[in-house]
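Single chain ahead, by itself, as structure tokens, in the form predicted alone.
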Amino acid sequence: MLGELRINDRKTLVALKELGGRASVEDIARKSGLAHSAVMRSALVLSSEEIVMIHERKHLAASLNSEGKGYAEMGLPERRIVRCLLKLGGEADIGRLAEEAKMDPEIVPIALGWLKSKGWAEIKGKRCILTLNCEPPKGVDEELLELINEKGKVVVDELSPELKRALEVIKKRKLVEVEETVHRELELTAKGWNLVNKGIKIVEEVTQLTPELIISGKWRSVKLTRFDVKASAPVVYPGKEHPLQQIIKRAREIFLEMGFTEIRGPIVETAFWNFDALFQPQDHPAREMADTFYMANPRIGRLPGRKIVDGVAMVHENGWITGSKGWGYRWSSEEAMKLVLRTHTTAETIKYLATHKRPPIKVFSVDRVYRNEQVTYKNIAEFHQIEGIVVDKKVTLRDLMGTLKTFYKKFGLEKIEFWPSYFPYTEPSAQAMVFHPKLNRWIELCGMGMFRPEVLAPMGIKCPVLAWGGGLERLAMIELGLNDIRLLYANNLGWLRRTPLCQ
């Protein structure tokens, strides 16, 4: 057993033996030269091996605060006033006294009050008159201040009745802090006495095997510290990316591996790019304040070039050159100029198409969008959307289905289906669905389709355009096994610490 003890354990035992077999942790620390914490660590080890017993006793301890320490060193305010009075002949103006004592004006009334209370002086008008012929002897309160200042901390129960009464006085003067502390003593057991009586040799130990020790060969002659590899260690929570940020990063990497280019755009957009350019009528319910956040200041933004604006206006009004009948209403440029927090990142992809017309084009974005939603376990007002388009001469909906299947399979989602759906700016349209085994149901991941001629004609695009967009948080919930979307933004430290790094 002795061979397994570390050097601090040995020093603790030697000090404890020299102190008679029972001593406080503080006395052992002074005797051994170890830190208090080091003695306590050794005490826990030795106690677990039944070499020592730990005795604990709770008690109240008093210590000085910063003001109390100042008074203990410089003297109580009333003592300083008395000394100044004696210098000034036993009587002086209060203002001059404060100046002579170099005392804060706020403390002077307190000092005068205690002078009168202790019977050391009288106050007549603006003058202070000493009632004694000499400096009064040191009071019990002053003795207690000096005692606490000298020892740093005193046990209340060990004070005499007179000092306890003085403690109540200086407590009222807010010069001390009294708190409950634990007094610990170590005592050698029979097993411990047996060990120390055999003799304990103190040999310095090396805790780290360095390259220098190995190269020089000194490792053969030094004593290496034994480590209990089975001992429990504290849980460590290293810094890491937020789980949602990890999934965003992973989604970006997958698209980049598939040959896509990332695009970004502003979160504040005109209704023109957010709605009109995507053939969404100006009286569509999604454009109401109940669904969309409109900016109050500034309220409107600028529209793009006249050619694109006129094309969008004619498509809305009569279908223009697309063969469509349009929506059959008078299109308003004022409505299109309104600024909104973008409701989808498709606003950025259509804007990108307006200036990039030559195929092939493969771009994506993973960015924030905003919708005036009621916050529930499945809906939030601010979230991330995965968006992308593919532009080429002969691409079809089947190519889009293959692209999304590849993307989601890289996230480990194997059971994917595509169900027919409707969106204002794509035809044909579908939803990408994944089967969630834990919930035992199908979940929509994203909407998808081919941009309608009404969307492409004003931009001057003549090739098919495959487009998709879906909420990233829904994918994150499947990946992280969540059933409440709010947990992703709740900053719950317990959940963040427990959640491992995403694969």
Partner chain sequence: MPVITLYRERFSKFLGRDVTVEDMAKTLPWIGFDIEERGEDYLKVEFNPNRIDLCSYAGVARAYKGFTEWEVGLPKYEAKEPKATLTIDKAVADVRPFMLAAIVRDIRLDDEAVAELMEMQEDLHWGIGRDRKKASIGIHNLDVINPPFTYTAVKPESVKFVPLGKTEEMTPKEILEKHEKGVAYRHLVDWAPRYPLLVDRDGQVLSMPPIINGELTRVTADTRNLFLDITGPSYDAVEKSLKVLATALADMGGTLEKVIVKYPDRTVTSPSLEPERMRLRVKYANRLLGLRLNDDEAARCLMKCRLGAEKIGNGLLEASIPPYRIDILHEIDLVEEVAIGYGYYRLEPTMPKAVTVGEKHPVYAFADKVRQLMIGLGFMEVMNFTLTNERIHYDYMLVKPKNPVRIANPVSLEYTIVRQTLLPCLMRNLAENKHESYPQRIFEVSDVARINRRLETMVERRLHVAAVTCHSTANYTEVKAYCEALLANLSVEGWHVREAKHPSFLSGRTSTIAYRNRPIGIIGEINPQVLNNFQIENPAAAFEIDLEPLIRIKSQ
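Numbering follows the first chain given and starts at 1. Superpose the two forms; the largest set of C-alphas matching within 1.5 Å is the rigid core. These numbers come from a predicted model, not from an experiment.
Keep in mind that the form predicted in complex with its partner chain is not shown, yet the notes after this line are about it.
This chain is displayed without its partner chain, yet in the predicted bound form the stretch 292 to 300 from 85 to 93, 131 to 139, 204 to 212, 292 to 300 comes within 4.5 Å of it by heavy atoms. This chain appears without its partner; in the predicted bound form, the one residue of 147, 375, 110, 123 with a heavy atom within 4.5 Å of its partner chain is 375. A heavy atom within 4.5 Å of its partner chain in the predicted bound form is found for one listed residue only; from 196, 413, 267, 176, this is 267. Proximity to its partner chain in the predicted bound form holds for none of 9, 114 and 160, with the criterion being a heavy atom within 4.5 Å. At a distance threshold of 4.5 angstroms between non-hydrogen atoms, residue 104 is out of contact with its partner chain in the predicted bound form. At the 4.5 Å threshold, heavy atoms of residue 419 reach its partner chain in the predicted bound form. Its partner chain in the predicted bound form comes within 4.5 Å of no heavy atom belonging to residue 98. For the chain shown alone, residue 219 is not a contact residue for its partner chain in the predicted bound form, no non-hydrogen atom being within 4.5 angstroms. In sequence order, 395, 396, 397, 398, 399, 401, 402, 403, 405, 406, 417, 418, 419, 420, 421, 422, 427 are the residues of 393 to 427 having a heavy atom within 4.5 Å of its partner chain in the predicted bound form; the partner itself is omitted from this view. In the core-superposed comparison between the shown form and the other one, the C-alpha atom of residue 234 has shifted by at least 2 angstroms.
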